[in-house]
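Single chain ahead, by itself, as structure tokens, in the form predicted alone.
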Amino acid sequence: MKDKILGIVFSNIHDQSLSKATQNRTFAAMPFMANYRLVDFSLSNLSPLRPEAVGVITKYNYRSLVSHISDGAEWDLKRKNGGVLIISPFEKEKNKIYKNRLEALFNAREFIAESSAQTVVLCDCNLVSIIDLNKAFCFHLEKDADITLLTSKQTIKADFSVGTYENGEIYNFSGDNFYLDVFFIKRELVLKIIDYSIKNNLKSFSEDILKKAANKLKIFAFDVKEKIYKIASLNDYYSVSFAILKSDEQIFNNLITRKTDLMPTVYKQNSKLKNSVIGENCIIDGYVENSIIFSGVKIECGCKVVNSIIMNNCIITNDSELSFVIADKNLRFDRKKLKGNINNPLYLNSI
């Protein structure tokens, strides 16, 4: 494809939706399904586009995100020129901690302006899906659209939905096509929007830009056919994880993540597993059922973990039993009997 494209990933936009779990990490760096992080979906979707560069806009608590992405080599984003760039709000004195998406884009204005790409694709990290963005990009170019929103007819939580004509052009910001927080836009247009928004102190991209400029711009919707999961709360994080665990979907076939050199997991003689995903470098000698266990976890003999998510390097010992629990990293459970429920899992980041 001759047209160059630039990628923008918002890593912090949805931090508040996982506020308990994002105190020391960005939303994008949230661990997922034993071996991944949520940002892996955004980068894996962008990679086949062969973007000139990808800017990951950050706000705070991004140490683990930077460590995970590194030089972007796993996603074919390691370049002498371009590649992946972490855009923090502290790179220039005039920049500030952003409060909304438009201010976040202002922090990335120089990155966008210096690009030779004709098109920018912007995405959040709240989608759990592998999407063929090449089809959406071709659609955007074919329609000569100013903006193309990715939408889905699947009923999901969304900031808004749209109605479209048969050719995909949007005629109404209400309908049965739910916006997926991903869109393509002409590079020159996004620069104009950034400048106009800051000058006029605008707050909302959807309310102040999209909806008010709908009759002046060519705005289309591209209907995504792939199965979509969207994470908008800690309960969503839990329910999506287990929906995938219980399904036969091959969602991870094209999902790319950072490679690790950890030791394989050791299963001792008393270990018993049912329908669970286990990360690397674990020691399992207890009972694990319908659970997601991240790397470095130790589960001793006599312990039970059921319907739970146990993150990196937790230790479960002395006949502890965990059920419907989300345990953040580096916790130790010693003689604990802890239980949440399917609609309200017990989240722990300290005990």
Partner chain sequence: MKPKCVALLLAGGQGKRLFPLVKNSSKPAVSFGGKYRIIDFTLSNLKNSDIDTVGVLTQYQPFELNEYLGSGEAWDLNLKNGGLYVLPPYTELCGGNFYSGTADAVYKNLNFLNRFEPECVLILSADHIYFMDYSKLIDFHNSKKADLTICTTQVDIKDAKRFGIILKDQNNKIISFEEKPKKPKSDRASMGVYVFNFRKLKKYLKQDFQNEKSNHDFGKDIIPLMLKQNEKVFSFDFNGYFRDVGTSESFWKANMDVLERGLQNKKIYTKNSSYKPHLIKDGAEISNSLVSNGARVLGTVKNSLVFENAEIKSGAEIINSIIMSNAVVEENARVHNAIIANDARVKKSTSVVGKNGEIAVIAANIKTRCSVQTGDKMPLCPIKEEIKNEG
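Since the structure is predicted, the reported quantities are computational estimates derived from the model, not experimental observations. Residue numbers count along the first chain shown, from 1.
Same protein, other form: the form predicted together with its partner chain, not shown, and the subject of what follows.
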| property | result |
| --- | --- |
| The unique member of Asp146, Glu74, Asp124, Asp236 whose heavy atoms fall within 4.5 Å of its partner chain in the predicted bound form | Glu74 |
| In the predicted bound form, the one of Ser276, Ser161, Ser129, Thr164 near its partner chain [non-hydrogen atom within 4.5 angstroms] | Ser276 |
| Region of this chain that lies against its partner chain in the predicted bound form, out of 266 to 274, 223 to 231, 110 to 118, 168 to 176 [heavy atom, 4.5 Å] | 266 to 274 |
| Its partner chain contact in the predicted bound form: Phe252, any heavy atom under 4.5 Å | yes |
| Asn35: touches its partner chain in the predicted bound form, heavy atom cutoff 4.5 angstroms | yes |
| Contact label in the predicted bound form: Lys259 to its partner chain, heavy atom within 4.5 Å | yes |
| Exercise: Leu217 in contact with its partner chain in the predicted bound form, heavy atom 4.5 Å | no |
